[in-house]
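The chain that follows stands alone, in the form predicted on its own, written as structure tokens.
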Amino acid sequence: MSDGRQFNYIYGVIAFLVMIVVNFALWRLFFAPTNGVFKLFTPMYGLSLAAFFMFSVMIVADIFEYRERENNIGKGLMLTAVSLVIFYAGYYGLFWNVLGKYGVTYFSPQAIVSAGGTGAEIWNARENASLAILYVITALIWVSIIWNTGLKSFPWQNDTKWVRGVSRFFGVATFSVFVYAIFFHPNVTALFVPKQIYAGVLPWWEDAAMTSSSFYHLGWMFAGLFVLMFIEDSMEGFPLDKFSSGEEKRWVSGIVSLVIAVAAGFVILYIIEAILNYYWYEPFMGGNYTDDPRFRHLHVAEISAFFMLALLIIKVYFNNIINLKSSALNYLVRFAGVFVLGMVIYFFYYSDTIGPKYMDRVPGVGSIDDTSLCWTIMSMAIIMVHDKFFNGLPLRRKDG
């Protein structure tokens, strides 16, 4: 890897192939909608579960900084188990049985059904609750990546790891409340009949996005996160590191990180949607499938997630392709690699033959109920566990 530790490319190829097998097995066990065991991809229930688990891994590895760097399998298993406990306690304990029952009804399927009213049946209720939880987790992931990319440990860089972790967790959680309230809460309150206008404002972005759905925000947020991940993982933090001449100036790169996440996110959103408009013509309110503005915005998030997955594969299993003295050449080749692999994954997922068989999905593009995000996020979570909790074993030899 670019951090100086020794890397074995042959092991990288083998580990990548093993990852594909693990990926296929976990997808068939938990999510595959017809041939799976648990069939959790409904789709929002499965998508929210995958996103919540990925954030649980980020809590342990990135926020509390518990990573394995000594190839200790026992420690890797323990960190994975801690992530699963956080995931289970957070999803079913906090959201379904605490917040949903004693605070915000729409976080719990059982609470929604108990409240009664139009559409208050268990499948519908679980999908609506899952969508709300997905939005909360998206806000947390968005703020967390901005924080870790720009601020790092600031302003607690001189404190213990535990103090840094607790402080950063509550810092991320606090800002995420505002992100969720402004960009997602109005959409959730509008899901019910009648709309809960005294609990949330009407979606203020409807005229610009041609939909009241917060898929609009998923689109630009995922696009912005891809840019930040590329800066952090493929460009070794450049140019953000140029804005902070020491840890005490780290707040400057934090602000720049936020600006990049928003500005780059919207630029990519409108570039991709312009390309989609070229192929499918302009979407319109009331349109179905590829003509639905909600699908166009969601598809930007899906495409961005494909590139995020490609970035992680290239970083973890192929050592970022090249590591020459010329940083510019490194960045250029890595970007080309991420772009090509991202497009390969896109055409693999949406192919009429291999993708549907692997994913147990209906061929075609344009169905919101068949979003690729669940599989993509699950795949990223698997790679993160392998990379952060098992030191990419056997890809790297331990330090020293």
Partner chain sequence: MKRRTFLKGLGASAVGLGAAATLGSPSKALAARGKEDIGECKSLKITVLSETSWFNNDQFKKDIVDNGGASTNQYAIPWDRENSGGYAALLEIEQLDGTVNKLLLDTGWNNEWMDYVYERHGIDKMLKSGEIDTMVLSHWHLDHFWGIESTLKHNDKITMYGPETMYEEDEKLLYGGKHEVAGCENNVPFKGKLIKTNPKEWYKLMPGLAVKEFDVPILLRVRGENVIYVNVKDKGIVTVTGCCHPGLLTLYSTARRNIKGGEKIYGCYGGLHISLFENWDPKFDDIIKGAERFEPVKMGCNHCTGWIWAENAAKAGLPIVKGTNTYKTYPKQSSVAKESNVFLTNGDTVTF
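A quick note: this is a predicted structure, and the numbers were derived from the prediction, not measured. Positions refer to the first chain, counted from 1.
The same protein has a further form, the form predicted in complex with its partner chain, not shown here; the description that follows concerns it.
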Every residue of E70, Q157 and M380 near its partner chain in the model of the complex, heavy atom within 4.5 Å
no
Can you tell me which of 49-57, 330-338, 360-368, 62-70 lies within 4.5 Å of its partner chain in the model of the complex, counting heavy atoms only?
360-368
Could you confirm whether P283 comes within 4.5 Å of its partner chain in the model of the complex, counting heavy atoms only?
yes
Tell me, yes or no, whether N320 is in contact with its partner chain in the model of the complex, where a contact means a heavy atom of each within 4.5 Å.
no
Indicate whether G90 is a 4.5 Å heavy atom neighbour of its partner chain in the model of the complex.
no
Consider Y106 of the chain shown here, and say whether it contacts its partner chain in the model of the complex, taking contact as heavy atoms within 4.5 Å.
no
Among the candidate residues G171, G165, G287, G200, which is the single one with a non-hydrogen atom no more than 4.5 Å from its partner chain in the model of the complex?
G287
Note which of V193, L324, V262, M78 lies within 4.5 Å of its partner chain in the model of the complex, where distance is taken over heavy atoms; exactly one does.
V193
Can you tell me which residues in 255-280 come within 4.5 angstroms of its partner chain in the model of the complex, by heavy atoms?
Y270, I271, E273, A274, I275, N277, Y278, Y279, W280
